[in-house]
Each structure stands twice: as structure tokens, then as C-alpha cells.
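In C-alpha cells, the next block holds one chain alone, the form predicted on its own.
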Amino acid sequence: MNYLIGAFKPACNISITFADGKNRKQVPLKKENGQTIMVPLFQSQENISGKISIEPVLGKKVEHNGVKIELLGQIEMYFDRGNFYDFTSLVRELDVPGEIYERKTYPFEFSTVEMPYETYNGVNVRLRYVLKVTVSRGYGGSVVEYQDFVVRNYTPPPSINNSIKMEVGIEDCLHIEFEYNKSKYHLKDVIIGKIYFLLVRIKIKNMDLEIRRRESTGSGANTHVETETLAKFELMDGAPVRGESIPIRLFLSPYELTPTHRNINNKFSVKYYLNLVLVDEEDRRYFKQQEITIYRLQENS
């Protein structure tokens, strides 16, 4: 019986270590099983290097048809779970067919790797980067080991960042102007603005400002759209009067935002909106939505 149990164990143990693993920043990554692990953080054009160790189990030799490491950038749609679309695929052959009798170490390096998209875990889609080591074996079944890492890319502040000015109104009942200081915000930014009441003939009970994330996956008839309200900020409680103005000051840092992603590999998009909601005393809702762009600014380490 012990022999049967042993038959299903992998023939060797594989470990993957990064060359600068001890000094490189680690960030949390949520796995499919809901667990959160700490993994190294990279950005596009960096070198990714390290060592692979392969150790036979119980001192037995491992016959193999070659050893390779792949660096993969993958997109997975949750309605098509298990099918990964590779947008980046690099391979290094580490060993020719042969036998491994004892622990063996292989160095690897991928130089100035093009990683154009950020790691993303969404409602219906995820984008991940992974190192995949394969010890190819015929009858015994190949042994595969994965190592996740996270990619974040930084954007300089935009040279042009126009303010947003909009009007919302119901004829002869309500006329409001609102203004936000800019249209592009970094992840730790502050939204500053003002709301002016030019005409108020309905009894407004309260007013909120929401940050909404809209994730679109697929295309054409197969497009799935998920909208999440990430933040709700009460601007006013009670009835405003004509001529009144209300300041807005909303800090983005407490919320789990990502940069705006536009048409990533024709697979998905992530957009953010500011949604102004007014509720009158009869619980009728009036709202005006405006898209904003979110980007990741280089952090001072």
C-alpha cells in the first residue's frame, strides 16, 4: 500500500528562488483558493533572474527528457476558467535529457523583460505573471512548479490634466454645477471640488459622491460588465438653498484602487467613475456620472 501512495508523489522537489529575493519588495497576492501570499514585485524592462534547485525524492535518480523554465504573462477569464491566454511567453532550456542523482542547481535569467500590463485580480478576470519550471518525463509524468510574481508599472504625472466642469439639471426644478480640480488622479491622490446650487425647487434630502469601478470583459455579444461601488462619501445631509456651494475633499488612498486599464490585449478594460447622487424627500434619485483616469505614480522608497 505504501508503494502505491509513493507512486503518486512527484519524483523530485523543485524550488525557485530570485537572485535579489531578500532585498526586493514583497507585495500581497491573492490566490485562486482565497489565500494571500507575499511575492516579489517587478516592473517592465527589469531583469528576472535566480536559481532553480531540483532534488530527487528519497535519493532515487530522476530520469528526464529535459528541464526548462518559462516566464508567462497570462489572462484568465473566470467564465472560461482554466483557459489561460498567454500574451508573454519566454523559455529557457536548462538541461538536456539525462538523469539527476542528487540535488542540482541551475541559474536562469530573463533580461529586460517586456511586461506591458499590470497584475490584476478582478471580478471576472485576472492577469498574472508566473515562472513555470517543467522537468519533462515520459511514463512518470512531468513535474511542474510555479512561482508567482507581481508587476506594477509607473506613469509620470500627465502634462495636461484638465479640470472637470459639468451641469446637472431638471427643467425649472433643479440646476447644479459641479467642478473637480482635475480629470486624472494617482492612487494616493485627493479629489478636490465644489458643487454650486443655482436653482433648487425640489426638496433634496441628501447627496453622496461615489467612486465606481466598471470592469468589462469579453467582446461583442459576450461582453460581461461588472460595476462595483468602492466608496460612498456623504457630501450633504439636509436641504440646500440657492446660491449655496459645497466643497468636496475625497482622499483616494483608503480605497483599493488599481490604475485605469484600457482594452488590455482586447480582453478586458477597467474604468473608474465619479457618481454624484442626489435623493429627494420622495426618495427619487438623480445622478450624474463622470469618468476619471487613475494612474500609478512612482513611490518614493
Partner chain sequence: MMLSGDEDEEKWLAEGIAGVQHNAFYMHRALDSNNLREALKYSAQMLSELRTSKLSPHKYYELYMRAFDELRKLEMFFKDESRHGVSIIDLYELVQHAGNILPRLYLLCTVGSVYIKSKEAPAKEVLKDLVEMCRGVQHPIRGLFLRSYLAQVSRDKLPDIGSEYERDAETVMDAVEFVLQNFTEMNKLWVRMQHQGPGRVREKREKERNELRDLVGKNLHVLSQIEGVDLEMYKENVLPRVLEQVVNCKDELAQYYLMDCIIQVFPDEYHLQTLETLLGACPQLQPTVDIKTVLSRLMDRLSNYAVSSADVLPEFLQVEAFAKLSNAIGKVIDAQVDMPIVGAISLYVSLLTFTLRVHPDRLDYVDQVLGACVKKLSSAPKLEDSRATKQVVALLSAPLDKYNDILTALTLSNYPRVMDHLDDGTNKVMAMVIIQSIMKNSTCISTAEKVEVLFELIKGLIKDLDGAAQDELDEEDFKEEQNSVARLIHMLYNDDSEEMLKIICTVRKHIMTGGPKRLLFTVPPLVFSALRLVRQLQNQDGDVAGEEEPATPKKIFQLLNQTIETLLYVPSPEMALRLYLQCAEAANDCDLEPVAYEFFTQAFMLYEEEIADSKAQVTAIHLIIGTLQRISVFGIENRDTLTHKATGYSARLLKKPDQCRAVYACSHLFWVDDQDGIKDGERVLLCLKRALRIANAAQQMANVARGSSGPVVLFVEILNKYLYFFEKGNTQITASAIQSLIELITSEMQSESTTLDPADNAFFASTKRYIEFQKKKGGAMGEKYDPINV
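Numbering follows the first chain given and starts at 1. For clarity, every value in this text was computed on a predicted model and none was experimentally measured.
The form predicted in complex with the partner chain exists for this protein as well; it is not shown, and the discussion that follows is about that form.
- Glu32 falls outside the set of residues with a heavy atom inside 4.5 Å of the partner chain in the predicted bound form.
- Although the partner is absent here, Pro40 lies well away from the partner chain in the predicted bound form, with no heavy atom inside 4.5 Å.
- In the predicted bound form, at least one heavy atom of Val241 sits within 4.5 Å of the partner chain.
- Residue contact check for Phe233: one or more of its heavy atoms lie within 4.5 Å of the partner chain in the predicted bound form.
- The three residues Leu94, Glu102 and Lys104 each lack any heavy atom within 4.5 Å of the partner chain in the predicted bound form.
- In short, of 268-276, 241-249, 57-65, 40-48 it is 241-249 that has heavy atoms within 4.5 Å of the partner chain in the predicted bound form.
- Site annotation in the predicted bound form: the residue of Asn263, Ser253, Gln26, Thr36 reaching within 4.5 Å of the partner chain with a heavy atom is Ser253.
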